[in-house]
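Starting off, we have a lone chain in the form predicted alone, written out as structure tokens.
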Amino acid sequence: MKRSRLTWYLLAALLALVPVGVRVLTWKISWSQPVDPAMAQAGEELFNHEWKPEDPLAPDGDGLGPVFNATSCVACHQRGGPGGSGGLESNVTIFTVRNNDGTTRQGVVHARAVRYQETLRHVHPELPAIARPALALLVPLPGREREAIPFPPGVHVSQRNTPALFGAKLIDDLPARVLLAQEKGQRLRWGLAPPESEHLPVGRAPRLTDGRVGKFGWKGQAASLADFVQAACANELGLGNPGHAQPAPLGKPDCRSPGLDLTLEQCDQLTAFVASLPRSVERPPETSRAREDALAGKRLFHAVGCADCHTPDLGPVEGIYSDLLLHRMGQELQGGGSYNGRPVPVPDAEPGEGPLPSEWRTPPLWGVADSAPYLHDGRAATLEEAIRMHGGQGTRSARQFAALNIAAKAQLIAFLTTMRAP
């Protein structure tokens, strides 16, 4: 009886998987046009440009600010080369405040300003008047727990580390159906477990309020590379554009720009440059012994379950090591707030709320060897720390990694260090 029931379950799962497999094999990927070299070159100049208030490159607006986090794109995206990740000094501070009436206020505490400086006190009067809080002030880091400040009820402040942009065009060109198939495949693999599972690695595709699927950002908040670039220009540099208005200072909400700082053509040029950034590839070590260790580490990467979420290939994109899905990573890795745009509803959240505080999009691992620090806020200084800090749906892999002997752990890390920035 038990054997017949098991056979029936396997048959049902197979029938459910067949349509997915057929669709994956028969999809015709409609790749976008190659990047225009002239557009990419113009975009590179804008990417490296040091923006100023009343900048001549923004004749219709007010240039840099009035609130901003950096004066250029490359100031934050520079590790491993232009377009790479950033250090803790480039972290962005994001807040969420749940009001007594049930509504939610969320936004960014910008590190710098032209006139109206923002501080944590603008988030809540009980918080200190600090514009650039260190991560240890907001998160109880190991060994530095006493430095963290207590938050008033309903207030949460977290940070986001600068992500690397290598290979962004390949992600931009991925059809949404690839992510949706990945979502369904993970559910089937784990016995139809829902994305609400706190332990099994079952992710969900970020669905935006306009119906599109998010592919960029720590919370999957942008569906296209163009959206991501325009949101970053507005939020990080205070450069209003056709896609995103520049943010008004928290202490001066009626502050308005005379016009747009960036034209659509300038935004397209910036997007073209980011799209021109190559992906990284695995670079085997030079010595035979080191190559053997890296290969053994690659096998261990799969054996301990890292590849459940950090999928080596996604659709036609090889070597991405990400499923681009949202996964619940546990209470210790919470971080709410919306970086840009309206929040995204999820089935078990209150109406109007975005991804859960513990949900994070699986970051691609290409170039990971040159993109420290790690995790969404850079709290992990090393790859080994990042693995050990995985919670929630990453707990199984973290525990299996912890159970490895010292030599095996070193081999797995050796594999990860073969993925260098391009």
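Start at 1 with the first residue shown and count on from there. Note that this is a predicted model, so its numbers are computed, not measured.
Another form, the form predicted in complex with heme C (HEC), is not on view; read the next lines as being about it.
With the partner omitted from this view, the residue of 375, 356, 39, 57 that lies near heme C (HEC) in the predicted bound form is 375 [heavy atom within 4.5 Å]. Just one of 257, 72, 117, 197 comes within 4.5 Å of heme C (HEC) in the predicted bound form, counting any heavy atom, and that one is 72. Only one segment in the set 156 to 164, 174 to 182, 140 to 148, 278 to 286 has any non-hydrogen atom within 4.5 angstroms of heme C (HEC) in the predicted bound form, and it is 156 to 164.
At least one heavy atom of residue 236 is located within 4.5 Å of heme C (HEC) in the predicted bound form. In the predicted bound form, heme C (HEC) stays beyond 4.5 Å of every heavy atom belonging to residue 315. Although the partner is absent here, residue 61 sits far enough away that none of its heavy atoms falls within 4.5 Å of heme C (HEC) in the predicted bound form. Within this chain, residue 66 is remote from the site of heme C (HEC) in the predicted bound form, having no heavy atom within 4.5 Å. Residues from 71 to 96 that approach heme C (HEC) in the predicted bound form with a non-hydrogen atom closer than or equal to 4.5 Å are 72, 73, 76, 77, 90, 92, in the order they occur in the chain.
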